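In structure tokens, the next block holds one chain alone, the form predicted alone.
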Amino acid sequence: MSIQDQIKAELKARNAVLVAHYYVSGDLQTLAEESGGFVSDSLEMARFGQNCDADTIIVAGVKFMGETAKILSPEKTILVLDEAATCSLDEDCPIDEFSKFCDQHPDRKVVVYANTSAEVKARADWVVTSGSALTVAKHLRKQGEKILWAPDKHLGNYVQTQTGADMLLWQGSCVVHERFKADALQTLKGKHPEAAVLVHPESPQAVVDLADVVGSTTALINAVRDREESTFIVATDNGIFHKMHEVAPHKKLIEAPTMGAGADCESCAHCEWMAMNTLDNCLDVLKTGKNEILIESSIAKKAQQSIQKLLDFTA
């Protein structure tokens, strides 16, 4: 029996469902969809888990994604494939330092990106995704509110530039998106003038300025599917190429360059923590029940309020 078939059998036996992020391996994404699970961004993964009938949700992604799933489904068992798989944005925003920062600016609405810990979400007024950040910032600006934003400085700068909102930015960044190099991307554009450039807004401003489309993972996938161009230069984690090839199999995809001074690869845009998710540890977690996500109830309730505000706003 293949490992995929073993996992499917264990999922059925446990009344469990596998949800996977666009950045994990294609094997896990395919397995999630074949077994009745789901592939998407972190919030939609959690929302799928909340709305399904499974007792256990297996999260192929990173720790904060497991926490978000637990926050929205407190009665369900949430297991992550590797408890050491984290996120630089989450790590860049420790709750003690962030809470002090918030206390110093009580006049501002605290808006945090989904790529944060449960504790940081609990401290926030709003939780947003890259797809909803602009809409929420425009709404708050219209209400006359000033914003304290965390943790991604590049996404925050993009939102501030696009909306004109009064924003104070926490200085975190994504180790994957920060590697993209504008000068090398400009050279690559010259070699492929027919290509559309797709950029995730966690990238530096100079890279965003070269984009034909700036958007969330879902928005970039939809752009490959819907736009007329046959070639795309893609500036986000290369795990997304699996779904892009699936929705547009005849289109050509080129990785945006991360090569710079001292670099050891031309394009190495893949999260090392996402790469820790494998079929082997998926099967292991299902058999042992290890790596369960647990969140103190008072924190979970506060974080749930911040997330629900977004879900209600974007419904």
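Note that residue numbering follows the sequence shown and begins at 1. Owing to the predicted nature of the structure, the values given are computational and were not obtained by experimental measurement.
Only in words, not in the display: the form predicted together with a small molecule, which the text now covers.
Task: Segment that reaches the small molecule in the model of the complex - one of 70-78, 162-170, 216-224, 95-103, heavy atoms within 4.5 Å - done: Going through the listed ranges, the match is 216-224.
Open item on the list: So, Ser130 and the small molecule: in the model of the complex, are they within 4.5 Å at any heavy atom pair?
Closed with: Flag for Ser130 set to yes.
Task: 4.5 Å heavy atom contact, Trp149 and the small molecule in the model of the complex - done: Result no; Trp149 lies far from the small molecule in the model of the complex.
Open item on the list: Residue-level question: is His177 within 4.5 Å of the small molecule in the model of the complex, judged on heavy atoms?
Closed with: Flag for His177 set to yes.
TODO: Would you please decide whether Ser42 lies within 4.5 angstroms of the small molecule in the model of the complex, comparing each non-hydrogen atom pair?
DONE: It does: once the small molecule is placed as it appears in the model of the complex, Ser42 has a heavy atom within 4.5 Å of it.
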